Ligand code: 8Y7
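Next up is one chain by itself, shown in structure tokens, the form predicted alone.
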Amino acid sequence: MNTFSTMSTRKPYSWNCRDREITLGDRSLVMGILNTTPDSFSDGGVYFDSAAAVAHALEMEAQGAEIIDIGGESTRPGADPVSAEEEIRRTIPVIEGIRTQSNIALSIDTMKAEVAAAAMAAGADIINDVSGFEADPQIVHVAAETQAGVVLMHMKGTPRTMQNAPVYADVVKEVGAYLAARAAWAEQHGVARERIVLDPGLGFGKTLEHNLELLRGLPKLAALGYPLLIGASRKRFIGDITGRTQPTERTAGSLGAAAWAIAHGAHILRVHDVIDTCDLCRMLDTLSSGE
């Protein structure tokens, strides 16, 4: 298969996120990661201060990110949950701070309806739920009522348990079936199809080989008929392949995974290293378009 031909035929979508329409497919979009947590696997504590978090969001926008994903609860393997009140305390001042200076699309990375509602009220556009709207089913009503864009992700278990020897008979088939079912459930509860993006959840209850099989199987996931978001940035499986033990040393490996993902049907990349990923996307999009 010619990977660039996959890009050139990548299905276009209009992703409706509240009152904005984000065009997907003709070029690759970058979602910058903003963790307002003390314990995230790669940058925990770095942007725990809200002023530092707002400054970093604006920096990522200047580097080319078109979406900022703000999370107040770590979902690294083994992480303990935090209360909705604590998530709100960590994230809402950041959303409000960004909104005073920028109209960039903002995503709240949460599994809790209460947090999602507060984020929408503060000016967020997208709900990114790593549990696929399963952890707190009431979150679907927040999405439907606010007309938010949503990202539904696959996770096996919970962050605390997900890496305890996960097993699949056919990981691509099982993840695809799960995502299709969660999207259908969301639609049945009032979330319009054009508001939904799917994420196979690399590293969330998957072994090294599972992650590789999902990346190789992206064309099958793209055939589900929804835009795809891929979050491979700095994850452990990249370190397992490259031998880089520190997450901050995994930029090159992350870019390799990003290039593969967008060449095989991904529309959005969720990343830490925004400027490098944006440069990568511009090169591949230009080569693919023939311009």
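Predicted, not measured: the structure shown is a model, and the values here were computed from it. Sequential numbering from 1, following the sequence displayed.
Just so you know, the form predicted in complex with the named molecule exists too; it's not on screen, but the next bit is about it.
K.L.:
Considering only heavy atoms, tell me if Pro227 and the named molecule come within 4.5 Å of each other in the predicted complex.
P.N.:
Taking the distances in the predicted complex, the answer for Pro227 is no, it never comes within 4.5 Å of the named molecule.
K.L.:
Residue-level question: is Gly32 within 4.5 Å of the named molecule in the predicted complex, judged on heavy atoms?
P.N.:
Gly32: no, not in contact with the named molecule in the predicted complex.
K.L.:
Answer yes if any heavy atom of His267 is within 4.5 Å of a heavy atom of the named molecule in the predicted complex; otherwise answer no.
P.N.:
Outside the cut-off, so no.
K.L.:
Could you tell me if His56 has a non-hydrogen atom within 4.5 Å of the named molecule in the predicted complex?
P.N.:
No, His56 stays farther than 4.5 Å from the named molecule in the predicted complex.
K.L.:
Where, among 147 to 155, 207 to 215, 83 to 91, 179 to 187, do residues come within 4.5 Å of the named molecule in the predicted complex by heavy atom distance?
P.N.:
Every other range fails; the passing one is 147 to 155.
K.L.:
Would all three of Asp109, Gly231 and Lys235 be in contact with the named molecule in the predicted complex, where contact means some heavy atom lies within 4.5 Å?
P.N.:
Checking in the predicted complex: Asp109, Gly231 and Lys235 are all within 4.5 Å of the named molecule.
K.L.:
Answer with one of Val171, Met120, Val130, Ile196: the residue that has a non-hydrogen atom within 4.5 Å of the named molecule in the predicted complex.
P.N.:
By the 4.5 Å heavy-atom cutoff, the listed residue in contact is Val130.
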